[in-house]
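The chain below stands alone, shown as structure tokens; this is the form predicted on its own.
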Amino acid sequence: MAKAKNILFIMFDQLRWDYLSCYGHPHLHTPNIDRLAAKGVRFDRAYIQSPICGSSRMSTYTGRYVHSHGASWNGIPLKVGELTMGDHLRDAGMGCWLVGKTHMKADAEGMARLGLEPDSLIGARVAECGFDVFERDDGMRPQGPGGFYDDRGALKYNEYLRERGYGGDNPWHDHANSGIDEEGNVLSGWFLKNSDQPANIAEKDSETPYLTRRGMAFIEQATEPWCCHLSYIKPHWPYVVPEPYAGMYGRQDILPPILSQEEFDNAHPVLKGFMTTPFSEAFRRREVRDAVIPAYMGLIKQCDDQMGVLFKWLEETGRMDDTMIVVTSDHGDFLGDHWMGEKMFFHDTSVRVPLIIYDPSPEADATRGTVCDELVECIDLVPTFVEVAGGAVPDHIVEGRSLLPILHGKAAGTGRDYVICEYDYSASPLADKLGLSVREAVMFMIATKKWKLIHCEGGFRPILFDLENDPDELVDLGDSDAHAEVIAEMYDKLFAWTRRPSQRTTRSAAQLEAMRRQSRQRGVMIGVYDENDVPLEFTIHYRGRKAEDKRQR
């Protein structure tokens, strides 16, 4: 009988949930991902825990909220003591390997304090977010006057490109992420006007097919039960794609932006700040969307085609029968919706992500091809994987909830009635623009199926959306007196979440319950007046004892 003994955990970067045909996009057809959804469960209300790469991924990898693990923005290290899915899975007897991106920043100071050498086995795992690394590629090698954004970015990929005959000191930029004109001038993908240019690279050598082959290479050599995190770089910017994908879509395929003039005119001060950042103002221009969105769609179409290559290979090699496959994203992309570019706010455009899980086990037969409309969070993947590996979920550490009961038809949902997302923008220029201290430049989102409340520190009023009657999130009810009771109820839920004992990670609930009964077993007799006031067994070592009188007389 088929049984999941391996896990293929596929994550795309900056893939919107509604840019797949199985989630309803009318022009972008993704038959391979759709086919996986038809074999598994498609989750329709899956939410990330932070709308930016680094902190979102750290939550997904630890199974903990940003408030708990503390890596609240790109480049903020994950604390050396935080356990990740690699730690939990290895305890359960399953290897955990990386092929692609993590956006992990190692806690170098913490490692040095504990004497962990980065080149030791334990040190390497701590520095690589708990993964054993088959190939890490965070996919970014931009260069400015201050040097490279990431000194390790795209190093192996650049080696591959040079071996394939691509020249220059940075073929990642000059070929994979730029076009070229008739005179041989590089048309940099960093400039949005060049997004409609085909990348100057053979399609098979571009980043997405390259990572697919590296993922297959890992799987081919693996012998013991494994979790492979195949973490793609695209469709994240630079928005440039090679042919034939560069010419597949045009202006006629672009959906109208989700926005209204009233939304902009009456925007909450913090939201207005995000609406007026340079990248948001760029996506307000028609020519930007006309150049970028067809390229973005082409990148997604290439991703889907590579899923077809990968899934066919898994079927031909028999691995589809014993491998759970998960497809998701670390966040979305505004693409001009709500007057914004990038992803750093809490509309569903950014924080709602695709999540499709195929489980080959016979227990999952009853749910194949179904859609789950319940609220789930990306932190739910860690406990799900631990259970697949046969381990016990350490729920005093992991804050997510296993999705296996849903996949196996034993539960409709996880039992939660809200989801949480957090954003810390204290290191961004917007914090200065709004006159906020580091402590004040943070926001929290709490959402149910009906309501979404956004709390902004710094003395601002809340933002409230009615998700049932305003699914596009265009009307902010945060200052509506008629909704004061709803706002109070949502704040009660948020306060309940903040009161959870998330840092009590060194003792499980069972251990704490056992400790309640241990003090008298260990001879602690606080508040006991007479030895006969408690059972004899607790005082047996204090009765009938003799000692020499050493008092001075």
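Position 1 is the first residue in the sequence shown; the rest follow in order. Nothing here was measured: the structure is a model prediction, and the numbers come from that model.
This next part talks about the form predicted in complex with another copy of the chain, which is not shown.
Although the partner is absent from the chain shown here, none of 124, 390 and 415 has a heavy atom within 4.5 Å of another copy of the chain in the predicted complex. Just one of 143, 370, 260, 317 comes within 4.5 Å of another copy of the chain in the predicted complex, counting any heavy atom, and that one is 143. Residue in contact with another copy of the chain in the predicted complex (any heavy atom within 4.5 Å), chosen from 284, 450, 193, 156: 193.
Residues placing heavy atoms within 4.5 Å of another copy of the chain in the predicted complex fall in a single listed stretch, namely 146-154, out of 376-384, 227-235, 357-365, 146-154.
Taking the partner from elsewhere, residue 101 is found to have every heavy atom lying beyond 4.5 Å of another copy of the chain in the predicted complex. Heavy atoms of residue 113 reach within 4.5 Å of another copy of the chain in the predicted complex, making it an interface residue.
Although the partner is absent from this view, residue 188 contacts another copy of the chain in the predicted complex, with a non-hydrogen atom inside 4.5 angstroms. Mapping the unseen interface onto this chain, residue 91 counts among the residues with a heavy atom inside 4.5 Å of another copy of the chain in the predicted complex. Contacts of stretch 498-536 with another copy of the chain in the predicted complex, defined by any heavy atom lying within 4.5 Å, are made by 498, 499, 500, 501, 503, 504, 505, 506, 507, 509, 512, 513, 515, 516, 517, 520, 521, 522, 523, 524, 525, 526, 527, 528, 529, 530, 531, 533, listed in sequence order.
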